[in-house]
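Shown next as structure tokens: one chain only, the form predicted alone.
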């Protein structure tokens, strides 16, 4: 996703090595943060431990601000970044299925792999179900990927609204601060639900 290839020569072996190092590092830090535990992950739905939302939202805003600053400094062209095309219907349905799976199973795909790597049986069951679902999707909905691709658009907040990226970065930083304050209040309010 990050356009390293526009600034340096990277072969297939180096690409694979970078992917393995980043994947292992990401998994290690997810596990160290406790995100390989379904109990920690579903706590967010009971509002007594908002760590997952805090980490994910902070990561998103940090990446957004970092990309904007690199662009403003002339180090990176935002137009060089790959943007996954958006199909609104597929994203709504996918979001609902993902959310339901998260609530029922206690994992997202990444954290299920982390749990599997650490020997958690529930993580293994979730990962097996996820792979089964991927297989079922490919087997029973063969033309759906083409329909999604043909009905997708490249959508960004600046492109949709006409508001420059810098203002969006400021808005998200402010929202992150406000959300952090709200989540801290929720954690205090619902602390009694902690098992």
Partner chain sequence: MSAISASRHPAAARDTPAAAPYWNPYVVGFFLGLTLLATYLAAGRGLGATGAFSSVAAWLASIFSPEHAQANYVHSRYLASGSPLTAWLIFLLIGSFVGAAVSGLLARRSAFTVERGLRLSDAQRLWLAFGGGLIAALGAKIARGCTSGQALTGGSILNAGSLAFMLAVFAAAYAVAWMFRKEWL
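What you are looking at is a predicted structure, and each value in this text was computed from that prediction instead of being measured. Numbering follows the first chain given and starts at 1.
Form predicted together with its partner chain: not shown, discussed below.
Q: Heavy atom to heavy atom, is residue 193 within 4.5 Å of its partner chain in the model of the complex?
A: The answer is yes: residue 193 has a heavy atom within 4.5 Å of its partner chain.
Q: Does any heavy atom of residue 185 come within 4.5 Å of a heavy atom of its partner chain in the model of the complex?
A: The answer is no: residue 185 has no heavy atom within 4.5 Å of its partner chain.
Q: If we define contact as a non-hydrogen atom of the residue within 4.5 angstroms of the partner, is residue 96 a contact of its partner chain in the model of the complex?
A: Flag for residue 96 set to yes.
Q: Answer for residue 72 alone: is it within 4.5 Å of its partner chain in the model of the complex, judged on heavy atom distances?
A: No, no contact at 4.5 Å.
Q: Can you tell me which bits of 8-29 touch its partner chain in the model of the complex, meaning any heavy atom within 4.5 Å?
A: Going through 8-29 in order - heavy atoms within 4.5 Å of its partner chain in the model of the complex - the hits are 10, 15, 16, 18, 19, 20, 22, 23, 24, 25, 26, 27, 28, 29.
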